[in-house]
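Heads up, the chain below is alone and in the form predicted alone; it's given as structure tokens.
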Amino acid sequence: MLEASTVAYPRLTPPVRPELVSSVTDSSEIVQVERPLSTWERITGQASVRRLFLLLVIVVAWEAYARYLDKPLMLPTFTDTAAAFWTELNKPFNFGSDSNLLVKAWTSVSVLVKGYALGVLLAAIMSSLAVTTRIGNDLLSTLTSMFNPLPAIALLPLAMLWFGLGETALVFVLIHAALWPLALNMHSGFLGVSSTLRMCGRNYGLKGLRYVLQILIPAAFPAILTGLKIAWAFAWRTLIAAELVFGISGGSGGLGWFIFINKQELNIPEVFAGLGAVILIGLIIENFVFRYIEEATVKKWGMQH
């Protein structure tokens, strides 16, 4: 029988780690977490200031190149254009051929609003029918395939034959310009609404017009707003092009007619003044009307950033 060997093993003790005590360091000593913005950063942080700066650069480049070219019949200077613009603004307020530039602008905008409003109404009706009925969907697809590629200005001769040389012909052309792009955007926006929202609307018993107004339009409003902007641009360009062919009944033309008449008389600064008025109205509509709608709807709802 073997006896158990008694071998003495040294007792192992665990190492003692020294206690490390770290003091809390103020983060401001490492990096400046928050600091007040400088005056330059506050100024350049505003989008309006940056856009005004870009416009100023364009004006300076225009003035410099026009003076270098020295051909007023091709490109007048900005100062000459501004002087012509101011002269046209100071003309008497009447609805004659020699009326104030604001009157001509109002003449164009008033016709535009009529045609644009009717185009928006028809687009809303057709898109609502298309998303709720099969026949409406087939009708919208067929009509947009036929008429959307057709330039609105191409219908101007027919409009002049059907409605005469008056405001009605212009309104007809504007309806065509605004209707189809808006209808396509509205319809695609309606189709892009999630199935969850659709089922919620159905569960609440919403049908027909209430279903469109309370579910589809709010959910698809970003696409609808884009369509409104595109339709506005198409209608505005079509109106100016149509007025280049004929004015508006009553002896007073709009901005397009103003540009055409001054081009015939070689008053090039006045032509550029009319073009500037067209651009200015476009900027006002985009930056005040559509931007206000965007801020009050899709951005407020968190649908855009």
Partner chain sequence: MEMPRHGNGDKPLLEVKEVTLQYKTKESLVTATYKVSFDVYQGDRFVLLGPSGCGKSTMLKGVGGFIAPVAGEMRLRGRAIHGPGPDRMMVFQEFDQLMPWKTVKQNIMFPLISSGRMRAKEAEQQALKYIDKVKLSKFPNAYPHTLSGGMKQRVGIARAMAMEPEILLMDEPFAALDALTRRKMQEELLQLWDDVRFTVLFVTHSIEEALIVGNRILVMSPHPGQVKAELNAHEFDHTSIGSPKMQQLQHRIREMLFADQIEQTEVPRHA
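Since the model is a prediction, treat every value here as computed from it, not as a measurement. Residue numbers count along the first chain shown, from 1.
The protein also exists as the form predicted in complex with its partner chain; that form is not presented, and the subsequent description refers to it.
S.K.: Considering non-hydrogen atoms and a 4.5 Å limit, which listed residue (Leu89, Val113, Leu209, Cys200) is close to its partner chain in the predicted complex?
M.R.: So the residue touching its partner chain in the predicted complex, by this definition, is Cys200.
S.K.: Of the options Thr196, Thr142, Thr133, Asn148, which one has a non-hydrogen atom that comes within 4.5 Å of its partner chain in the predicted complex?
M.R.: So the residue touching its partner chain in the predicted complex, by this definition, is Thr196.
S.K.: Quick one: does Pro218 come within 4.5 Å of its partner chain in the predicted complex, counting heavy atoms only?
M.R.: Yes, Pro218 is a contact residue.
S.K.: Give a yes/no on whether Phe93 approaches its partner chain to within 4.5 Å in the predicted complex, heavy atoms considered.
M.R.: Phe93: no contact with its partner chain in the predicted complex.
S.K.: Heavy atoms within 4.5 Å of its partner chain in the predicted complex: does Tyr204 have any?
M.R.: Contact check for Tyr204: yes, within 4.5 Å of its partner chain in the predicted complex.
S.K.: Its partner chain isn't shown here, but in the predicted complex, which of 122-130, 103-111, 177-185, 209-217 has heavy atoms within 4.5 Å of it?
M.R.: Flagged stretch: 209-217.
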